[in-house]
Structures are given as structure tokens and as C-alpha cells.
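Just the one chain here, the form predicted on its own, laid out as C-alpha cells.
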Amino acid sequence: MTNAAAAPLPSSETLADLSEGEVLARIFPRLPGSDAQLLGPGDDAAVLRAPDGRYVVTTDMMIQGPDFRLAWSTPHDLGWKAAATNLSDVAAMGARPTALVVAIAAPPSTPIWVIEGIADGLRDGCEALAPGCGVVGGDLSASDALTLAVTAFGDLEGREPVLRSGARPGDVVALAGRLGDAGWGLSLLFRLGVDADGTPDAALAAALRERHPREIGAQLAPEPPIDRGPAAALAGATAMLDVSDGLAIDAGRLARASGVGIDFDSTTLGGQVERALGGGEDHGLLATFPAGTELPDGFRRLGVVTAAAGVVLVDGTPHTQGGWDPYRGWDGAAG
């Protein structure tokens, strides 16, 4: 019997040991190309095809402390989540994601294997969630806190964008994706993934992930239904958005934009109704469809659009909106 070869140890080099060019040389081979690119990384800007004549663009940031804790997330998790959250915003417009531009700022003491792991997560996230989408450029800088800033592009493929403002009374409210798992996963991490002093602990978080893979995975490495965005557009969705801050608060945004109300049927929200309504970062797609529409695969009915402008109800009763707010509740810890 022969022993399997041991996995190579991570490099001990840090960003301070390498030039920007040397860091980029480590990153670029790990990143996926884009099917839409005419010119990729290496020049001052990338060049992409835009066969529709229009493109969807969105941007998002992840900052160590308010958005993630290094003790809980692996570098691969960070890259995957940075891709997933931006791909979901593109999909929510009914577009197909085509390319990402990624900027990373990190302390000079950051080991190079952390940056390589982020690149691997970006690659794997794009390949799994939006095949054909790739990273076509970006930037590197130094910062006290590890920061990822991603800009995503998408192709409408000749369709009109699906806005938040198109819902009409009588439409069906439907969702593709999970509800409440990511928020519950974060709650578990803050309760059970910390030491006696409340400091995030990597070993405790890893053990917690083994016991609760669905919830912790949904928080640290979400898998939004990216391909359901274009499918919803093709099925005639009247309005749509990415559920990033919680079902109730994001439904309220759609309702206000459309000048309508949303009435959820509690029997469709699972056994933990408040968890489903208040948990953030699931990155499902909330959409409305004309009454009688056959919902596309992956979507399930949650309720109906009403004429009560801006009001979110559950079983006809107004619901106090809650969910994730980046300006509320952060204690300043970085973890």
C-alpha cells in the first residue's frame, strides 16, 4: 500500500513580499475568462461584446468586519460569495451575467494564499452559477481591512429589463431560492461560532458548519438561482429583485417602487415564518407574474399583489419589515 501524496503547504509569502505584478501573476491563471470578452486582463481596460446594444451593470462591496469575519469564512468562501451576490443582482434584472471586474484591498501582511483562495472562489462561483461569465479585470491596493469590490455586467439578450416597478394588483408573488437559511446561519455563527469572550473562532465555526451545512453554507457560500432570472423574464415577470436584505424588507422595496402591496400566505413560508421573512442574504429572486401565468421551474407561489400601496402583509395583516441593514447593529469588530 502506498500513501497518497500530502497536499502542498500554503506559501508563507505575504503581499508585502511580492510586487503588484507578481501578485497578479498568481491571480490571473486562476480566474475564469468571459465568453463576452474581446480583450481580457492586461490592458488599461477590458473590451466586452454587447450584442444587445445595452448591458446591465451593478456593483457590491464586502468589507472585513461588517460583511464577513475571516475566522468564519475561508478565502474560497469570500471569492464565491463576492461572485454570487453580484451575479444575483444581474439575474434579478432578467439578464445573463457575462463578466466581473474585481478590486481587492488587503493588509500587506496578508498571505498570498489568501488572495489565491479568493481567486479560486471567484472562478468556481462563476463556473457553477453562471457558466460563461468570467473576471475580465480589476485592481489591487493596500488597506487595514480586507475588502472586495466587484462590478458585474449582464446581457439582456434582446429582452426588456425586469424592474422593481412593474408589479400590478392581482399579480402572483413567487420566489426562486431559499428563505431564511442564511440569516439563521449567521445567527448560529454569532451564538456558537465564538469563544467565551465573543471572538469569532475558526475551529468552532468549522465544527458548526459540519453540524449545520445547509444554514452555514447558505450564509458563507450562497448558491442563488442565477439562471432563473432570465427564465422569469421569458415567462413574463412584471417585477423582480434579489432578496439580499430579507424577504419582508425587499418585498417592501418592490411594493413601494410599483405603488402596490404584497400579501404573503404564511403557509408558503415554511415552519419558521419570521425566519423566512426576516433573514437576509439568501439571494433568492422575488418576482411577480400576471395572474394565470405558469410559473417557470424553480419558482414557487408565496402570495399576491394588492392595491395597498407600499404595504407588506402576511395573511392580510400588516407586517413590520425587518432584515439586514449595513448601518445598524455592527459592533465594530473585524474578526
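All residue numbers refer to positions in the sequence shown, first residue = 1. All values reported here derive from a predicted model rather than from experimental measurement.
The form predicted in complex with another copy of the chain exists for this protein as well; it is not shown, and the discussion that follows is about that form.
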- Item | Heavy atom contact within 4.5 Å of another copy of the chain in the model of the complex, the stretch among 39 to 47, 303 to 311, 273 to 281, 289 to 297 | 39 to 47
- Message: On the criterion of a non-hydrogen atom at 4.5 angstroms or closer, are P66, D144 and F153 all touching another copy of the chain in the model of the complex?
- Response: yes
- Task: Please check if D17 has a heavy atom lying within 4.5 Å of any heavy atom of another copy of the chain in the model of the complex.
- Result: yes
- Query: With a 4.5 Å heavy atom cut-off, would you call D35 a contact of another copy of the chain in the model of the complex?
  - Reply: no
- Query: Does another copy of the chain get within 4.5 angstroms of any non-hydrogen atom of V114 in the model of the complex?
  - Reply: no
- Contact of L140 with another copy of the chain in the model of the complex (heavy atom, 4.5 Å): yes
- Among the candidates L175, A182, M240, V135, the residue which, in the model of the complex, approaches another copy of the chain to within 4.5 Å (heavy atoms): M240
- Which residue among G170, P108, P131, G259 has a heavy atom within 4.5 angstroms of another copy of the chain in the model of the complex? P108
